[in-house]
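Starting off, we have a lone chain in the form predicted on its own, written out as structure tokens.
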């Protein structure tokens, strides 16, 4: 099966056409967002402080880019375990987060939030940070630089391989594998 080539941001029509298990490549703009950045985002939301980036329509990549080698946009940039962000994800989907790229299964509550919002979740290849890093065309810190690799970086990616792990209907490739 050849992967579907997808451009970010994703249209609602494209998201509805995706099915759990579809193999895709992703190209376009993403924001890296790991544990500490999520905590900071929620501190800002609770205090009514404007974020230095938009959540609405964004795709978060649960990754922390490493410093680049000469001639590269960034170093290794593999996905981190998505379940660590499960407590944050439902509210973010409710605020218009378009999608997430991560690693591993997410909770039933997150799957329900994905279904409710008509979004999707992509799983990238765990343990392949160098491969993912090679898909990064540009990398710019846009928020929380004091968090270092856990800061929010705007990445432009090209042909990042992944799989639709949870589709807009809430179907999960992980749940399907258990049945």
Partner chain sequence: MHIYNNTQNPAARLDENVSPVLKYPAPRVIIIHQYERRSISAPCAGTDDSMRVIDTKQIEECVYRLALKACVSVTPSCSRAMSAAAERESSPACAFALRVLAENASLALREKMPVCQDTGMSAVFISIGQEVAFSGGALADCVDSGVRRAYEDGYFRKSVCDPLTRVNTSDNTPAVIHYDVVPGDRVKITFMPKGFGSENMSRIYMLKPSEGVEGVIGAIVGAVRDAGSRPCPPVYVGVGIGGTFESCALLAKKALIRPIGEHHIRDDVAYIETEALERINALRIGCQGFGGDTTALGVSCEVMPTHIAGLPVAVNIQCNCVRCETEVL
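None of the values given here were measured: they were computed from a predicted structure. Positions refer to the first chain, counted from 1.
The same protein has a further form, the form predicted in complex with the partner chain, not shown here; the description that follows concerns it.
The partner is absent here, but in the model of the complex a heavy atom of 128, alone among 55, 143, 128, 139, sits within 4.5 Å of the partner chain.
Looking at the partner chain in the model of the complex, residues 27, 97 and 114 place no heavy atom within 4.5 Å of it. Interface residue remark: residue 12 is not counted as part of the site for the partner chain in the model of the complex, having no heavy atom within 4.5 Å. Put simply, residue 119 is far from the partner chain in the model of the complex: not one heavy atom of it is within 4.5 Å.
Proximity of residue 163 to the partner chain in the model of the complex: non-hydrogen atoms within 4.5 Å are present. Of the heavy atoms in residue 66, some are within 4.5 Å of the partner chain in the model of the complex.
Residues 65, 66, 67, 68, 69, 70, 72, 74, 75, 76, 77, 78, 79, 81, 83, 84 are the ones in 65-84 with at least one heavy atom within 4.5 Å of the partner chain in the model of the complex, listed in sequence order.
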